[in-house]
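Only one chain is included here, represented as structure tokens and corresponding to the form predicted on its own.
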Amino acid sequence: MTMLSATEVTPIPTSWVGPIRVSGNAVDDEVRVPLATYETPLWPSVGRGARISRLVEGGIQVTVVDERMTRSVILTATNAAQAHAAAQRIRERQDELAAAVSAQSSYARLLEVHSEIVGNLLFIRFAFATGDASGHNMVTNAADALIALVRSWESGLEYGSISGNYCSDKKATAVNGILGRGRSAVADILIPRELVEQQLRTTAARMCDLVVRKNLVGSTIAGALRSGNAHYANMLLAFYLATGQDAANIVEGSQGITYAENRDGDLYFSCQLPHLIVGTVGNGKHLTGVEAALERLGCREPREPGENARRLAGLIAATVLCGELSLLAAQTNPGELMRAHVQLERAQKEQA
């Protein structure tokens, strides 16, 4: 097998969009955000949402409601009864497990343990706090240590796998939304009637109808799993690539629900993002462009562990709302979406 002598770099067009006005428990700032994408019409679309955020008092409010990273392991028993007895022992000795995690890591902290038994298979889902890291490697290392500890209790369990898909990593599942994985954030904004009509060229009533008909009913008949949105994945991938995240995590990251209300002509609009697998330290963050982007975003400041990653999650959630708001507004008007794409692509060709 021929080995590559050097790592090649794939160039992706990147634009800093905004600034976006964001408030809440993770960010209180006006910030431009980097979006790396070949789908360059995304930039002005997100930019329209960003412009609206600056015209509304407080802008987009983002509430980070939970933070955790998970790893599930498989241990095998002789039968279900033995697996059940082992699961009970694990619950009873969770403090011992937590101490073992703290002893082998400066940042990892055990939060919860959940178990499932299938036949003689014992699935154990560990949830950890991971500071500013997304935590993939951190939780795998911790899970390795916990497997060894559990097996040392002479429970008769054998090693099955370090990852049992009950985590669940880079797959669209229900468990992540129920038990949590990554940074969970909710972004919302209340847009006055005149801004809805002038900036979005639509009405609150038409927006709410579309959210129900497209995102909720349409997603349901398509078989979507704990998800009802127009295109979270577009903003997530662009932001992830620009900031050194594991891009495959948009699989679970794009699961989320858009919600809207017509409040006497004003538009309440919200995006729920329960699985943002992001961090400000770790793999990919050492690259020059990524490091510069994180510094410009204010995510390299001397803060308590976890606060920089929380800020990053907040900025991502606000960016998703900007893009979701703009696209749905365009889709309330016949032909607007296609006209906008054609105009933007024509302008880009003329500039080339």
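Sequential numbering from 1, following the sequence displayed. Because the structure is a prediction, the values reported are computed rather than measured.
Form predicted in complex with a further copy of the same chain: not shown, discussed below.
Using a 4.5 angstroms threshold between heavy atoms, residue 32 counts as touching a further copy of the same chain in the model of the complex. Of the heavy atoms in residue 170, some are within 4.5 Å of a further copy of the same chain in the model of the complex. Mapping the unseen interface onto this chain, residue 198 falls outside it, with no heavy atom inside 4.5 Å of a further copy of the same chain in the model of the complex. Residue contact with a further copy of the same chain in the model of the complex: residue 47 places a heavy atom within 4.5 Å of it.
Distance criterion of 4.5 Å from any heavy atom to a further copy of the same chain in the model of the complex singles out 175 from the list 157, 175, 191, 133. Contact with a further copy of the same chain in the model of the complex, defined as a heavy atom within 4.5 Å, holds for exactly one of 98, 113, 225, 149, namely 225. In the model of the complex, the residues of 124 to 162 lying within 4.5 Å of a further copy of the same chain by at least one heavy atom are, in order, 137, 140, 141, 144, 159, 160, 161, 162.
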